[in-house]
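One chain comes next, on its own, written out as C-alpha cells in the form predicted alone.
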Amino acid sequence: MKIENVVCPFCGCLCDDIVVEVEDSRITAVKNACASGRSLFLNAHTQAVQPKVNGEEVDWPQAIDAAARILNDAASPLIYGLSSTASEAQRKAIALADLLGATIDSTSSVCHGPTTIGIQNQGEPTCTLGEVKHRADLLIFWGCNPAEAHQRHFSRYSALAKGKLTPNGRKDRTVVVVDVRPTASSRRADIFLQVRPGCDFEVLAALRALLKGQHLDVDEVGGVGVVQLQDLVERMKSCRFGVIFFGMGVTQTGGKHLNVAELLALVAELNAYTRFTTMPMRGHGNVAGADSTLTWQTGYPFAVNFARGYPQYNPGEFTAVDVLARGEADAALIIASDPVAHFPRQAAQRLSQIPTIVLDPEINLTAQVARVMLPTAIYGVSAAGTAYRMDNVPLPLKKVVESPRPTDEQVLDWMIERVKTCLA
C-alpha cells in the first residue's frame, strides 16, 4: 500500500510530501524524505514494546500505577520535553501539570527560549515558509546550518525552491550566511560573513547603525569588515522580499535574548525600505507546537509553574535546567526528550537521583536511568495528531502503520485518571 502526502515529524520543516510504502504492517520504502526522515520511518518497528518499572517488564496498569504514585507523592514534580510529540499529547501534559501543581517546560528553554523572550520584548515581523518560497529574493541564514540540520529546507522552502516570483529558484536569490565558522551552508552561499564568536550583538547593532546612515569609526565589527556590513545593508534595503533565518548560534551565545531582540529590531526597521521578515529555525518536529499549545492553554510559552494553583511564568526560575540544578525537583516526567544526553552535568545527574518517568519510543540515556519507562507510539508514523511547522502553521500527522504501543496522549490520559484516584 502506498500512502502519499505524509508529514515527516523529524524536524521543524515538517515536509508534507513524503510517500510511504507499507507491506504487512511494516514500512518498506520511503520517498522524498531526507536521510534523517527516512531512517525515522524505516526503523519505526524496532522500538521497545513493554513498559518497565525498576528495570523489570510489567503490564501497563502496573506501570501507570507506579508512575502516578511517583508523581502524586512528589512535592515539586517536573514535566519536561514535549517537542517530539503531538499537540494533543501536549495538552494532556499541561492538564497533568495543572492537576499536580507541577512545573512544566519544553525543550525551547535550551534552544529557542531566548527567541520567545526577544519576541515578547520586541515583536516579530514574520511570514510563512510559503511566502519565502514564492517571494524571497534575499535569504540570510544567521547562526544556523540548514544544509545539515534541516536538510530539505533549501530545496523545499528557500534557496533552491521555485516559486511564483522566483521561477528560476537559486538564480533568483542571493544567499548570505553569517556564522562563526565555515559550514556546509556557507559553502552554498553567495556571501559568507564570519563573525567572531560571541559578537553577534555587536554586528547586529552595527547593521542597525549603518541602516540609519550613521558612520562607524572602525574598520571592522565582530570580525566583519565595515565595508562588508555596508554592502549587506544595501542589499537588504534594495531587495524585493528578504528574510533572516536564525538558529542557536544566535540564541545560545553571549547575549541570548538580547541578540534576538536586536535582530528583530533590525528586521522591523528594514520594513521602512522593503518587505523584510524573520524566522527561527526550530529543530524538533513539534517544538513550535509546544510553545503554541502552552501559550493558548496557560498564557505562557515555556517555564510554567502551577504550584500556586494557577500558571506562573519565569525563565531562569521555572526552566527545567535550573529547577534540576538547584535540586528543587523531586520527581520528573520526561516526554519525548533525552535531557540526560543534553543537559549540563549537574541537571542531568539530578534526574538519576530522583524518581524519573520517561514516555518515549526510544530507549535513550534518560530511559536508562528512569524508574519507570513507558514506550509509546511514534507520532506521525504510528500515531496521528497535529504538529506546528517552524513558521507556526499547524499540519495534520497521519498514522501510516499500526503499533502495539499506546500513544503519548493515551498514556497521559491513563496517568491523569490514576492521579485523580490517588488524590481522592
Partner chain sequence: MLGIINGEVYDPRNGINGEVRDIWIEDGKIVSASAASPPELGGTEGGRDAAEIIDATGLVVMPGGVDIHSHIVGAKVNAGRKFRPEDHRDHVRSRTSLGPPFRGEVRGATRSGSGYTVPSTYMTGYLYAEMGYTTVMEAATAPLVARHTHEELEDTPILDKGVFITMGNNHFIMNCIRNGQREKARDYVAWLLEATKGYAIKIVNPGGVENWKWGRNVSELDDEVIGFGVTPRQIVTTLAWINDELGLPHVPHIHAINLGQSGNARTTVEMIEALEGRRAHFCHLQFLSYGGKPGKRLRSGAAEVARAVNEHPNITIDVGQIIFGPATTMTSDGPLQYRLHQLTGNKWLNDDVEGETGGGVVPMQYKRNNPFNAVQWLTGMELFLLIDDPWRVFLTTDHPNAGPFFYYPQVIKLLMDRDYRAEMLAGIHHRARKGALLAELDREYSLYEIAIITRAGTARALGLQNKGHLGVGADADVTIYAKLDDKEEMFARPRYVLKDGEVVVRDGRLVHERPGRTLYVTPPYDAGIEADLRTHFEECYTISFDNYPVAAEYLPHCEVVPCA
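Positions refer to the first chain, counted from 1. Computed from a predicted structure; not experimentally measured.
FYI, the form predicted in complex with its partner chain isn't displayed, but the following is about it.
- With the partner removed from view, the residue among Gly247, Gly222, Pro311, Gly255 that has a non-hydrogen atom within 4.5 Å of its partner chain in the predicted bound form turns out to be Pro311.
- This chain is drawn without its partner chain; in the predicted bound form, the residue among Ala205, Leu160, Cys127, Ala184 with a heavy atom within 4.5 Å of it is Cys127.
- Although the partner is absent from this view, Gln62 stays clear of its partner chain in the predicted bound form, with no non-hydrogen atom inside 4.5 angstroms.
- Its partner chain is not drawn, but in the predicted bound form it has a heavy atom within 4.5 Å of Thr298.
- Interface membership of Thr386, defined by any non-hydrogen atom within 4.5 Å of its partner chain in the predicted bound form, is confirmed.
- When contacts are judged by a 4.5 Å heavy atom cut-off, Phe306 counts as touching its partner chain in the predicted bound form.
- Looking at 264-272, 207-215, 226-234, 169-177, the stretch with residues near its partner chain in the predicted bound form, meaning non-hydrogen atoms within 4.5 angstroms, turns out to be 264-272.
- Contact residues in stretch 69-95 (any heavy atom within 4.5 Å of its partner chain, taken in the predicted bound form) are Ser87, Glu88, Arg91, Ile94, Ala95.
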